[in-house]
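Next up: a single chain in structure tokens, the form predicted on its own.
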Amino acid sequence: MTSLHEQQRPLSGPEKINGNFRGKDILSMDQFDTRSLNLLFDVTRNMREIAVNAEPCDVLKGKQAVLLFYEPSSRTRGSFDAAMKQLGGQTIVIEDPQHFSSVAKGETLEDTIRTFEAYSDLIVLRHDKTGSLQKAADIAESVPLVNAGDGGQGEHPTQGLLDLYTINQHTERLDNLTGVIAGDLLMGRTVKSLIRGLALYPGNRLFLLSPEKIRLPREDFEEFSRRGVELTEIDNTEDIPPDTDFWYWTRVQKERYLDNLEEYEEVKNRFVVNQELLDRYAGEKTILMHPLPRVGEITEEVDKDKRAVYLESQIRNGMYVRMALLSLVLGKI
């Protein structure tokens, strides 16, 4: 019998989930349908109980995951690490391979992936160059690869999954929502994954708040609109509609503007959530989300507001969703 580790996968785009996660790369929200999300979220609720109650669990005993991060990370790397260990598995964590691995000696992405493929059952990869995740997935012939952030204009699907789970947790639905997405929509990979996920459900309406220079790319705007999401671009907080279901704030990513710091200074923190703004435009049940880190776009006074979930349920859901995903992809559930 061929094991999961030995299965050979063709060089192609990411395979649709269609209710079966086993052995599949997780590269884009476009792989998901509502049935697959429902399955993932059902498992996530079980995983939450395991974590909250500190229940012994060996679902992934004997399994090894490589966490290969070409860019810095706190929550994504940490939650994948915690998720794997919570379920009895082990991790090999490679941070900053450009300086602390053979990448510093000139090793190619191809050889790096082939090396860690030999040691593991799954690779979680974050890379600074958009498109590298599909390339790496094509290289890895015998283990699944999970996208933990694909450059500046790619995707971050596991963040999208935990964001959808968080919205559903608080609103009890993923259709007919009204939301505000603010910040750097040009380079925001978390934004692109979230909108792709919301496009799977009918009746969703999003207000995109950003400076003109860092709006959602036009091709993405048109594609998401074709998928049925009603998108409205705004450039002033006064245009935020009252009593929406959620606000999703993001930072302007300085690391994407190293060649043009003047532009970064021009657009950073154009829109800041303080208590006054939240009380003026948000409803009692509006939730305020942020993929983090924040760098001034949400003031600390807001942290104590019951509507602010970015340091509470949202951040915790990252581990629970990734526990579920790892279990499903590694074929243990």
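Owing to the predicted nature of the structure, the values given are computational and were not obtained by experimental measurement. Position 1 is the first residue in the sequence shown; the rest follow in order.
What follows is about the form predicted in complex with phosphoric acid mono(formamide)ester, which we do not show.
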Q.
When phosphoric acid mono(formamide)ester is placed as it is in the predicted complex, are Ser28, Gly131 and Gln153 each within 4.5 Å of it, taking any non-hydrogen atom of the residue?
A. no
With the partner omitted here, the residue among Thr166, Gln159, Thr250, Ser210 that in the predicted complex has a heavy atom within 4.5 Å of phosphoric acid mono(formamide)ester is Gln159
The one residue among Ala282, Leu37, Val267, Leu292 placing a heavy atom within 4.5 Å of phosphoric acid mono(formamide)ester in the predicted complex is Leu292
For phosphoric acid mono(formamide)ester in the predicted complex, the stretch among 200-208, 238-246, 74-82, 105-113 with residues bearing a heavy atom within 4.5 Å is 74-82
Does Lys192 reach phosphoric acid mono(formamide)ester in the predicted complex, with heavy atoms at most 4.5 Å apart? no
Across 116-144, the residues having a non-hydrogen atom within 4.5 Å of phosphoric acid mono(formamide)ester in the predicted complex turn out to be Arg126
